[in-house]
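The chain below stands alone and is given as structure tokens, in the form predicted alone.
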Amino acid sequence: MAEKVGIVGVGQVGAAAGFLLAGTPGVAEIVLVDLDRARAEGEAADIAHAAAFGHAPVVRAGGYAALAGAAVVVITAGVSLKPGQTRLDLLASNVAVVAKVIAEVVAHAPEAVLLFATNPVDVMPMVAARQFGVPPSRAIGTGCALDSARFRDRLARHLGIGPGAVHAHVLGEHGDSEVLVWSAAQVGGLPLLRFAEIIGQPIAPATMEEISRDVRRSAYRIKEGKGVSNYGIAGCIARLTKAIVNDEQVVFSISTPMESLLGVQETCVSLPHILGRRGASAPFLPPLDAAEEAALKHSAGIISEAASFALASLDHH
């Protein structure tokens, strides 16, 4: 059954996501919500005209009440990352904005899966779960789904194969402390590094470091060039939404609130989850080598502290 999807925040990320969702199977209606109603109306009309060349879902602007019955509400509202900033730098400005959005969404679409793209993206699901009682399965950050795609793409280019043939995940914070899991990466059922040797494209330690740096710095590099990183995250939003509305039961590295991880309490970092109509499954912790496990614990600690700060700041309002 085709579903309604809402997008709150129709800046460059929200608009790009709306454009891609208009061509996504399983999406029957898209509702754009923004404080700037004229902008939302304009984007809705423009996206609808493009959608008319395809399967043409209904695309319209509306208030929060128009989100009633939505299967997924994508939240992109807030200040975007500027060159030189980290995602955590946006915490103070964005958490109050997103809290107001969550309150409205929960009031009008209480059964929706909330898919967060606002940075710091790993903190926002914690706000939804701890402040508003949204079940962790329906409070989802896009997390490292995009980073994982960047990792696979970078590996595929080195190996000269298609990205779909590479099975590799990025875990932890969607940010500087993220963990590229080299030890579990595979191609064709073989460990990644062994496969690379067999086809004559070995990955030396220096190349591993270069690839890791490229993946971790991708968004910063894009923003330095064009001022905003919108298409990659929009593609991520569309793909995750497609998995939810079509109940695909596929695995992505996304962030959901966790009571504990590796001894760190109350965190929300990316791990593999099964994603479908009811949201995300409980997370899976794949086997990690000692260095990766230590790095993931460190990353979980960073988000735990950031989430604690965010929730405390809301209590003081």
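Since we're looking at a predicted model, the values are computed, not measured. All residue numbers are counted from 1 along the displayed sequence.
A second form of this protein, the form predicted together with a small molecule, is not displayed here; the remarks below concern that form.
Contact annotation: Arg39 falls within 4.5 Å of the small molecule in the predicted bound form, judged by heavy atom distances. Among residues of the shown chain, Gly301 is not one whose heavy atoms approach the small molecule to within 4.5 Å in the predicted bound form. Within this chain, Ile198 is remote from the site of the small molecule in the predicted bound form, having no heavy atom within 4.5 Å. Within this chain, Leu35 lines the site of the small molecule in the predicted bound form, having a heavy atom no more than 4.5 Å away. The putative spot formed by Gln12, Val121 and Leu146 is fully lined by the small molecule in the predicted bound form; each residue has a non-hydrogen atom within 4.5 angstroms of it. The stretch in contact with the small molecule in the predicted bound form, judged by heavy atoms within 4.5 Å, is 90-98, chosen from 151-159, 176-184, 199-207, 90-98. Taking a 4.5 Å heavy atom cutoff to the small molecule in the predicted bound form, the contact residue among Val166, Val106, Ile233, Ala71 is Ile233. For the candidate set Ala77, Ile211, Ala243, Leu192, a heavy atom within 4.5 Å of the small molecule in the predicted bound form is found for exactly one residue, namely Ala77.
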